[in-house]
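Given next, in structure tokens, is a single chain: the form predicted on its own.
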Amino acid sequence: MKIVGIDLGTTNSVIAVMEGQEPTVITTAEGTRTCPSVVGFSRTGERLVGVMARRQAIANPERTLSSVKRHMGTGFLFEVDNRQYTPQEISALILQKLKADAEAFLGEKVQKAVITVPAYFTDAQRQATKDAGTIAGLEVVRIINEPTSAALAYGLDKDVMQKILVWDLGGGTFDVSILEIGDGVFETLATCGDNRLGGDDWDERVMNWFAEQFQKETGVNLERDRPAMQRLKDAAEKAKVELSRLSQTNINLPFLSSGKEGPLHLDLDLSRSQLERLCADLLNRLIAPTKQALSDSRLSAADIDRVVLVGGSTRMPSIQELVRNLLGKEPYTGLNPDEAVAMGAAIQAAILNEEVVGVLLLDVTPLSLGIETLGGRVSKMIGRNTTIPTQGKETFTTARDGQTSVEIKVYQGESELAAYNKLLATFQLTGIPRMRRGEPRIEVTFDIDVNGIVHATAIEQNTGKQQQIIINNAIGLSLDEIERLSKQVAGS
């Protein structure tokens, strides 16, 4: 039975499968190679996913949900018709649609998948992605970092040892990873990124500029006019895409609003240089993660053999120029930036399914793992860019006589202060034998698996007794919630 590879993207999602020795992108039921990562609910309550959902966005924006990926691993809830949806549930609807398209393409059931995530995703975001797959009726056999996946698509047929830098700017996230590849080994040396930076930010910047120009000309503020703002958002994305090949474009939106004298229209020209000025600060935010990845890998730009661009946003000329200036190399554009990640995921799926042999993938954890100590500081147990799977151990004791439990707060991030890192979970170690303070020796082992997800165990060393660990993660879904949502999605 085939295992599919899925790029669950912010703007678009892609599903692929290995056929023979080549990854193949699966065409959707609508005849497209990408599926918009959009879910909508019609006024009659019908669920729409992909192209159909995006089509209704202007007329029905309050019932159309997009850019869901940016909320994965958070407590954010979408609300439609007085019903709340988690990001996992909405993502599951997208995955379910891709699953159905793949089953129609292959003529057989699809039960297992490799799903990609941004390299800089936290444990909570990775777990949320895995939960979304489970809700959609998929066994997620591996979570793989998007740049690493793209490297597989690029380097599967490469025998010469080379160091590549994968520069991945998608709709909602930015990642840069440095890998050494050759002889069937794909080893990630370092990764860095920004989970809140992507093409959506360029679109929003242009959209807001359109709204400002419209208000200057007409005196009408469109901020609370959701259909009008959706039209501006769509026009902003279209203008951004056009300016990747043109030096100037025209934005003409008739009947955008109305005033005392009747209908009001938007008619503006936007040049590529204006776009670049509007978004100069966004462009600058791409520099630091690139330099950090080079520093962490202990390489210079001169050591990099090839720069591979991934993600639709890398089509912007300003992005490609930045890469040339930063790294002194002409970026490689031989891969389709929209499809490369899904194709790599299909290769990884085939490796796990033993359809492809002789390929070894060594990925890394993107963020340091540590525990809070006295003074609100963090004691790091596993450093960022450590090859996974990996393990870290720490020994704890009690502060009071007769103490039978210890609370441990676990963080991901690079700051020495807990407050500036991401709280991963709170562990309650219970059932500790009653002893004098300082006598119990509780060894806690943190394991980061191949998916980048953290697990923990604990043993009281004096007695050899395994300790119970309760993970209290406020933003995750319980097994009961996942099962309930799975039934709802399957039955909808």
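As the structure is a computational prediction, the values presented were derived from the model and not from experiment. Just count from 1 along the sequence shown to find any residue number.
The discussion below concerns the form predicted together with a small molecule, not included here.
Open item on the list: Is it true that V4, D101 and G133, all three, sit within 4.5 Å of the small molecule in the predicted complex, judged by heavy atoms?
Closed with: No: no residue has a heavy atom within 4.5 Å of the partner.
Task: Contact label in the predicted complex: G392 to the small molecule, heavy atom within 4.5 Å - done: Heavy-atom contact with the small molecule at 4.5 Å: absent for G392.
- [ ] Flag S244 as yes or no: does it have a non-hydrogen atom within 4.5 angstroms of any non-hydrogen atom of the small molecule in the predicted complex?
- [x] Within the cut-off, so yes.
TODO: Evaluate P147 for contact with the small molecule in the predicted complex, applying a 4.5 angstroms cut-off between non-hydrogen atoms, and reply yes or no.
DONE: It does not: once the small molecule is placed as it appears in the predicted complex, P147 has no heavy atom within 4.5 Å of it.
Open item on the list: Please tell me whether any heavy atom belonging to G171 falls inside 4.5 Å of a heavy atom of the small molecule, as the geometry stands in the predicted complex.
Closed with: Yes.
Task: Answer option from G199, G193, G370, P87, heavy atom within 4.5 Å of the small molecule in the predicted complex - done: Looking at G199, G193, G370, P87 one by one, just G199 meets the 4.5 Å heavy-atom criterion.
Open item on the list: Going by heavy atom distances of 4.5 angstroms or less, which of G413, G312, G137, P331 would be at the interface with the small molecule in the predicted complex?
Closed with: It is G312 that has a heavy atom within 4.5 Å of the partner.
- [ ] Have a look at 112 to 120, 233 to 241, 185 to 193, 71 to 79 and name the one stretch with heavy atoms inside 4.5 Å of the small molecule in the predicted complex.
- [x] Comparing against the small molecule in the predicted complex, the contact stretch is 233 to 241.
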